[in-house]
Structures are given as C-alpha cells and as structure tokens.
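Shown here is one chain on its own, the form predicted alone, set out as structure tokens.
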Amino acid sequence: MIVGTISSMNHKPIIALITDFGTQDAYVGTMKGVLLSICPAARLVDLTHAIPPQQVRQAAYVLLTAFRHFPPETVFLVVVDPGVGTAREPVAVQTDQGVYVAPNNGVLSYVLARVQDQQAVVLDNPAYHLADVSQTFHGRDIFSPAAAHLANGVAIERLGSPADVLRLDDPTLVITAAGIHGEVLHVDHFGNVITSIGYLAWTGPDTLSLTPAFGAQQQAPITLNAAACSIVIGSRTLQPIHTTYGAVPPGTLTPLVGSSGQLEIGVNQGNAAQVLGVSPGDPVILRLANEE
C-alpha cells in the first residue's frame, strides 16, 4: 500500500486532466484556477476535454491509452460525471502508476485492472473541498481541490474514508474458432474507429500476435495472418489488415493496428465512422479466414 507523498518525489507535480466539458465554456479554466490556487507549482496537462458528453466508457478507454506514458507520481483528474449531485461518490485512488481522482462511476475501470498497490478513499472530508460545494460542479468544488492537495503531498487517507471502487463490465472480446467478436470502443477526432480487439503486435510482414486486452476466454497470444483475416463492421467486410493509413489510396477504408495496439478502422484522409455509420458499442468481428 502506498502512503508516501507526491511532493517528496516531484517538486513540480503533474496533474493531467480528462473531461467532457469542451473548451467553449469556462468550466475547464475554472478547475485550473482552483488547482493552481491550492498547488501553484503544478504542471497541468490537458489530455482531452473532448470526451463526448456523459460517455464514461470512452473516458475510461482514453485514460487507459495515456496513463502509462506519464511519470508514476502523476495525479490524473478525470471528470466525466453524468451522476453529479446524486448518490455516486467522489473518489481518489493511489496506485503504483499514478493517483486518480474521479467520480465513482467506473471511469477508472480499465486502468485499475492494470496497476497495483491500490488505496481508495471517498472524498468525504470537507476540509479538502471548497467552502461552498454546488450540486452541479463537483469538478470545481470537490475533485480539483482533492487533486491539488494530493499533488501538494497530502496523504490520501486524509481526504476521506476507505472506498470500494465501481468497475465497469469489460468491453466485448469473445474468441471462437472462426473469429474474434468485439465492439467499437471509441471514435477519435479523425473519425478513426477504435475497437476492443487487441492488443495486436506485428511479428512479421503479414503476421500479428493478439494478446487479449479485455475479458476473453483465451489469454494466451494468438497468431493471425493479417493478409487472410477480414473484418466485418457495419455493412462492410474489409481485408487485409494494414500497418498504416497510407497503405491504401486516399478515401479508402482500411483496417490497421492503431497506436494503442487495438484493431482500428480508418480512411486514408477521411472519416471512417461517417463512412461506416458506426458509433461506440456497435459490433465488430475479425474473421480468422486462415483457420476456416
């Protein structure tokens, strides 16, 4: 269990933010004002404020893609909070790869499955809230003060009482003899369609190794023939799996392995989600044609 302080490890602590607030309003800027008022030395990193409104699973996925690229003492502040003002709890979780401040709605699920030394608390100590807590902006009044105090080196147990952290169900990843069934996890700014099928790694010019990233029955790596596999998504069947968007002519749909190791469908210089008419939660199948 980690009980050390962040300030002892880093005199300029990092606070990384994920929200669904956008940048049109002053919500993000106000949160940063609170953070800097309490922890003036903080370095603030905007991971994204463009999570689609209330999409907890997409925020969980984006956090998963980013957390391992930060120093282990980073404070991650995640505010995608459709239950603000309800009985859902605000929590903080300290791990060996970061401290996480977020609503207890499952948004930390994918990261917490991959880290160790967890200690979780409900943020129920009002000494570490703003003086006047609204019912609709806990990002400002509860989450930002907690993140700033943690960045200042306040021990996590001072912020509240022990918590049980809610976990989301794993994304669909079902392996059969004929194929791998997954779902759309995320659509990025470019319209690339990122699926739950991964982690994939190239082991040869036409060979991929798949190590299930989510709750598949088979956990051993699977060898795939990238040229023989086909992907069924929306009304399309696509083949083969390429290494990059530019491997096909402009305007062409292509499956590929994205930067996070997930199977992705893109369009060279276009928007795959619009072409396919798909959104998060829609099914996708990787057919193992070489095994049929």
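Note that the structure is a prediction, hence the values are computed from the model and not measured. Quick note: we count residues from 1 along the sequence shown, nothing fancier. By rigid core we mean the largest C-alpha set that fits within 1.5 Å across both forms.
As for the form predicted together with a further copy of the same chain, it is not shown, yet the points below apply to it.
- Residue-level contacts in the model of the complex: of P221, P82, P126, G153, one residue has a heavy atom within 4.5 Å of a further copy of the same chain, and it is P82.
- Interface residue among N225, T252, Q54, T237, judged by heavy atoms within 4.5 Å of a further copy of the same chain in the model of the complex: Q54.
- Contact check for I14: a heavy atom falls within 4.5 Å of a further copy of the same chain in the model of the complex.
- Contact check for G22: a heavy atom falls within 4.5 Å of a further copy of the same chain in the model of the complex.
- When contacts are judged by a 4.5 Å heavy atom cut-off, Q135 counts as touching a further copy of the same chain in the model of the complex.
- At a distance threshold of 4.5 angstroms between non-hydrogen atoms, H149 is out of contact with a further copy of the same chain in the model of the complex.
- The stretch that touches a further copy of the same chain in the model of the complex, counting heavy atoms within 4.5 Å, is 181-189, out of 111-119, 181-189, 98-106, 155-163.
- Taking a further copy of the same chain as positioned in the model of the complex, none of the residues of 106-128 brings a heavy atom within 4.5 Å of it.
- Once both forms are fitted on their core, a CA shift of 2 Å or more is seen for V248 between the shown form and the other one.
- Once the rigid core is used as the reference frame, the Cα position of V56 differs between the shown form and the other one by less than 2 Å.
- Core-superposed comparison between the shown form and the other one: the C-alpha position of A113 differs by less than 2 Å.
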